[in-house]
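Given as structure tokens, the chain that follows is alone and in the form predicted alone.
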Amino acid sequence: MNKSLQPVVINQNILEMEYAVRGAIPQRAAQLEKAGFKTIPCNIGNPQALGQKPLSFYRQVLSLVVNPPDNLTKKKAGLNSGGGLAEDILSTAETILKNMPSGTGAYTASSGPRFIREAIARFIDERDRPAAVDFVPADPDRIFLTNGASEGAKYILELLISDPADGIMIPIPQYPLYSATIRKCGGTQVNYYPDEDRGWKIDRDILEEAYGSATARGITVKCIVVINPGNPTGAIADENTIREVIEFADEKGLAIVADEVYQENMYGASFRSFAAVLGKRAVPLFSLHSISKGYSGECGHRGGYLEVRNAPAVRNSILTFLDVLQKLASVSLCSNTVGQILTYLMVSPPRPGDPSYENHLREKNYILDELLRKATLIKAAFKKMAGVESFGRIGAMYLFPRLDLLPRGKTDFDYCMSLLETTGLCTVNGSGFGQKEGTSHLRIAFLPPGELLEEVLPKWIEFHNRYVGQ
């Protein structure tokens, strides 16, 4: 036998990783599409795949930066003679090119260009200053540009997990990035369960129960993850909840990962960041944001940032935590430059009085209003489905209804697979995100065009009531 063809032993942790949003149901959807069956991909928060148009300001600036004219300054001077682009678009492109003289095809500093990190710090300060009790400004030297928020989350978990007994507290249900990364790093997943019937509320008793159970098993809990607004639940944490988590982390000596990529998807609620509520408390905080969500929807460009506050000391090393994080970022040289530029544009949008402001605001409001309208359409359909309940207010890009009347022997995976094969609607089974034992759910992204939802929702209602025998 050819020795090169013999089986190899690979990392068991990677073998055991699971990632349901790209799992068996979406793979079956791809097979059906290949056979000519129309499907509707609601398994993932991928807005432009479902028809959301890119923001004009972003793409107009980006086109100039990626393919700059010979003399942008001269082009600006020709505005009044039919230049075609607004002055703030040209000025923004000029600023980016001035600060990135090597263009988008060259590596940048591993943590990202300083002018972008400074813009992110200004964005954080403007967002948090009005709501902060003990305001602490953001520091550009503690901000890292990343390939989406996911890379930032992986950095932190890779650094914190050094032993199989190291535990990371994550909400259940959760975005499977966290369970998969904990598994890959060889740590221990410590589940805490927000109260679904109270709108996925997190309180101190819930956190204490999870922490106590883990420590009783010899687990060293090092970190707690909070996703706000929630994925997959859409739940929104209020300021009191955030304060309880911070106090809990402070007392237990834990770091906090605040996944805040949906902070624009509030639909009338008020967003409070962990940084604003943290103030001057010395709790390690790692905050994540992304261009993929909100109203930007630039998933494919993979841009985001990680902000660090109160970085912990590193035991048995002269290096600081930030030094090690810088080293980890340097392994990949830098995040992609187009994602960096779009992150800059996300945190530096047109201001009131700028030529592009009104159009940018109109596009932003249209996207968010449509998302709310579509979520409301779907929630109304749930009321016509026997045994379906959806708790809490609308946030993020998802609904996570509970399915209380599944036939004996059937799982939410079976339900979602049958739903796909009957109606073409591709969702994700609740078990792919984790859920309390004895419950069943599914997650649906409310991203398809409204007319497509109006067409498929009656089919879903009919399918559901037949499936559960009503």
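Numbers follow the displayed sequence, beginning with 1. Given the structure is predicted, the values throughout are model-derived calculations rather than measurements.
This next part talks about the form predicted in complex with a small molecule, which is not shown.
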The one residue among 343, 335, 231, 265 placing a heavy atom within 4.5 Å of the small molecule in the predicted bound form is 231
Between the options 168, 261, 202, 96, which residue brings a heavy atom to within 4.5 Å of the small molecule in the predicted bound form? 261
Looking in the predicted bound form, is the small molecule within 4.5 Å of a heavy atom from each of 150, 292 and 302? yes
Look at the stretches 373 to 381, 349 to 357, 170 to 178, 275 to 283 and give the one with heavy atoms within 4.5 Å of the small molecule in the predicted bound form. 170 to 178
I'd like to know whether residue 116 contacts the small molecule in the predicted bound form, with contact meaning heavy atoms within 4.5 angstroms. no
Would residue 227 count as a contact of the small molecule in the predicted bound form, using a 4.5 angstroms cut-off between non-hydrogen atoms? yes
Looking at the partner-bound form in the predicted bound form, is residue 398 within 4.5 Å of the small molecule by any heavy atom? yes
